[in-house]
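Only one chain is included here, represented as structure tokens and corresponding to the form predicted alone.
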Amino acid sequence: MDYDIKDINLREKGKNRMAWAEQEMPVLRAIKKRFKKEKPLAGLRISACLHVTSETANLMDTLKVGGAELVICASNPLSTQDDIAATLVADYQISTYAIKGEDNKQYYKHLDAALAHNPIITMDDGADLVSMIHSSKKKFAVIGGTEETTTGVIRLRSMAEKGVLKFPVISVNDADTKYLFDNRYGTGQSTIDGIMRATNRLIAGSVFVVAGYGWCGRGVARRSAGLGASVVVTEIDPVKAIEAVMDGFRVLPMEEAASFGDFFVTLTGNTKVLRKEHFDQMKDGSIVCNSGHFNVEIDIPALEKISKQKRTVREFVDEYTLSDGRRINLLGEGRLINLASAEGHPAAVMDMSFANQALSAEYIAKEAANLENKVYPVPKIIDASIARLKLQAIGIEIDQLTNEQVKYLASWDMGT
């Protein structure tokens, strides 16, 4: 077993945090129990490029119990929890390549290490593994992969549409039990958590600008409003813009919102959402951050170009002073603020997301020969089974259709 982590002596702290998270992951525990008995992933090499957190560690343990041979690397330079990396190596004997704060060179070196495992199945958060496989001259025997996040799915769908995707990929992000909870409630809470930890600024009474009203943006908008902020949403999609209006938020172009916002959060999956013309309008002391996957959502080179001074004023807070004296504060180097300065999503929502990952890996192992080289949704039967397991775990019962109701819904001539 090879690895590259910060400090293996952090193992005890990581093991405790992993156990703490597992308490809130009953669905994954149920899957782990079945996997231990059935070994559906026996002998399969899985390379995972995910945020190395306590919740991810529980997914890795589940996959290993199911028979998989695992390697994991970080999917973002600032998202690793070093104590979790230590326990994965020391206590679970899983090859781990992840160090919080690693530079780009080390980040891609770790990706190379994960691919040296010659995976049969890939597990991505942002599609970096898949992208590197497709750009490599080396031939891989991958039968399928899974993708965790919106940004990665966008990349993969583009590859599929252009006919260059070499193997099927399951879009975990599109599962109802993922995006309705992970993206909305998980991103909503953890993004606010990251901003508050990094800045210790009061959100109540501030103007909070949310760029993008997808499920992640919805979550952040609602949580910031709940803390007393006046929320402004910026959008390029007219339908989402109308939805934001009817949810009670102001909708404005970014160029207008930039002049009076206090906090700015990007959650679009696109590039240069905040750029020079917006920085030129911002107030002194504005706080800028990103909760989309890649740091390209904020045009950091443009901010650096118009600044005369940069200094780190708090951990994860870089203050840029412009030529006219105004200061713009960039959080977490423009990377995922919920993981850069906080701990990412709560375990209760990651329970369902990672249940989708585990069951999708099992589905690929069984069905890869019947799948084409395109992006597939998580099968509805898996999605529904995860929801049922979650309800059972929290003690919630729901109604069932009667035979008469089933017959009524299946008919076309029983309208009265």
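One rule holds for the numbers: they count along the sequence shown, beginning at 1. Nothing here was measured: the structure is a model prediction, and the numbers come from that model.
Although it is not shown, the form predicted in complex with a small molecule is what the next lines describe.
Only one of 161, 277, 237, 319 lies close to the small molecule in the model of the complex, with a heavy atom inside 4.5 Å, and it is 237. Among 212, 334, 194, 261, the residue placing a heavy atom within 4.5 Å of the small molecule in the model of the complex is 212. Using a 4.5 angstroms heavy atom cutoff to the small molecule in the model of the complex, all of 292, 338 and 345 count as contacting.
With the partner left out here, the small molecule still marks one of 223 to 231, 99 to 107, 308 to 316, 148 to 156 in the model of the complex; by a 4.5 Å heavy atom cut-off that stretch is 148 to 156. In the model of the complex, the small molecule stays beyond 4.5 Å of every heavy atom belonging to residue 177.
Interface membership of residue 168, defined by any non-hydrogen atom within 4.5 Å of the small molecule in the model of the complex, is ruled out. By the criterion of a heavy atom within 4.5 Å, residue 83 is excluded from the residues contacting the small molecule in the model of the complex.
Using a 4.5 angstroms limit between non-hydrogen atoms, residue 270 touches the small molecule in the model of the complex.
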